[in-house]
Ligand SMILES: NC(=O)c1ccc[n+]([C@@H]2O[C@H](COP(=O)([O-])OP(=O)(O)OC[C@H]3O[C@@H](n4cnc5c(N)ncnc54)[C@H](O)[C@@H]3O)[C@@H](O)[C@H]2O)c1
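Just the one chain here, the form predicted on its own, laid out as C-alpha cells.
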Amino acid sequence: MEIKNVGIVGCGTMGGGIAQVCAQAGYQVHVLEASETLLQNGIANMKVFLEKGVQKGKVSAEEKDAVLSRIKGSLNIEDLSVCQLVIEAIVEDMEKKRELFSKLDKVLPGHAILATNTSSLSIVDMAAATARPDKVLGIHFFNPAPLMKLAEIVETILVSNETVNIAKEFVQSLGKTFIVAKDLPGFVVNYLQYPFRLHAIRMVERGLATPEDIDKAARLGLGHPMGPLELQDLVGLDITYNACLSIYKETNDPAFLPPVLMKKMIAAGKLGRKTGAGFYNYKDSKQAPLKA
C-alpha cells in the first residue's frame, strides 16, 4: 500500500510536530482538532517553528511555504477518509482513545492503518475497539518531533507483519530511525528514562541537590544533551505523572511511582515550560530555579 495522505488527530505539541514532519517528507497531511482555536494555535506553532528554521538557514522560505501548503486542518472526522494512515496524538486517556479509534474505524477505508503516538497506554486495548486490529500499532515519536531522530514502532499481539513493515518504511521516509518494541508499559525509551527522571525529582524532594546541579551532573558527567529536570519541564510534569502512574498500575514497579513533590507541583500549576514555571522559572528572561 502506498501512503500519500496522512491524518493526524490532535494538533498540540506532539500532533503538530508529527504533522510538520510528515508534510516536510512530502505527504499530504490532514489535521483533525476538536475546536477551531486549538487547530489555529497548532498551525501557528508550526509556522513559528518553520520560521525559526528559515532564520537559522536550515529551511528555505520556499520550503516553509511548501510544507504549510501540504497541511490541511479540519474539525470533521469525515475529512480523514482519504487517508491511508492516521496517527492519533490526543490526550493520554484510554477511553477517549478507544472512542476515537472506534469512530476512525468506521470512517477510514478498510486498507487504512491506525497508529497511536501513546507513550504508555496499551495499544491492543485501542485495537480492540476496531474491526481491524491487524492494522493497529504504535508509532511513538519524541518531543520535539521535527528534531528527534527516533521513532518507536510498537507491535501488539494482533498486528500483522505487513502493517509493521509498512510502518517501518513510513518512519524511514520521514528521515527517522526506528526501533521495534512490544506492547508493554513504557515500551523501550520511556521504560529506560522515566525512572531516571523520577529519581532526579526525588533528589530535589529530599534536598540532596538543586535542580541546577542535578542537570549539570547529567549534562557534564553523563554526557546527556539535557538534564532530567530540564527535560521534565520541557515535556510537562502532568504528562509524565499520568504516564508513570499508568505504568505503575500495570506493573507495580515502585520505580514508576511518582514522588509526592510531583503531585504538589502539578496542583500548584508548576507544569514546566507550558505554564511558565516548573523546576525552573520561564517567565523571566533568565532561566532560574524555583523553590520546589
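The numbering used is simple: start at 1 and walk along the sequence shown. Worth saying up front: this structure is predicted, and the values here are computed from it rather than measured.
Quick note: we don't show the form predicted in complex with the named molecule, though the next part is all about it.
>> Please tell me which of A131, L220, V91, L208 lies within 4.5 Å of the named molecule in the model of the complex, judged by heavy atoms.
In response: So the residue touching the named molecule in the model of the complex, by this definition, is V91.
> Between the options L229, C244, M262, L32, which residue brings a heavy atom to within 4.5 Å of the named molecule in the model of the complex?
Replying inline: Answer to the contact question: L32.
> Judged by heavy atoms and a 4.5 Å cut-off, are M14, S119 and F141 together in contact with the named molecule in the model of the complex?
Replying inline: Checked in the model of the complex: all three residues contact the named molecule.
>> If contact means a heavy atom within 4.5 Å, which one of 160-168, 106-114, 83-91, 176-184 is the stretch that engages the named molecule in the model of the complex?
In response: Of the options given, it is 83-91.
> Is there a heavy atom of V67 no more than 4.5 Å from a heavy atom of the named molecule in the model of the complex?
Replying inline: Because no heavy atom of V67 falls inside 4.5 Å of the named molecule in the model of the complex, the answer is no.
> Using 4.5 Å between non-hydrogen atoms, is V9 touching the named molecule in the model of the complex?
Replying inline: It does: once the named molecule is placed as it appears in the model of the complex, V9 has a heavy atom within 4.5 Å of it.
>> Test of understanding: in the model of the complex, would I43 fall inside 4.5 Å of the named molecule by heavy atoms?
In response: The answer is no: I43 has no heavy atom within 4.5 Å of the named molecule.
> Would L38 sit within 4.5 Å of the named molecule in the model of the complex, counting heavy atoms only?
Replying inline: Yes.
> Judged by heavy atom distances of 4.5 Å or less, which residues of 226-256 approach the named molecule in the model of the complex?
Replying inline: V235, I239 sit within 4.5 Å of the partner.
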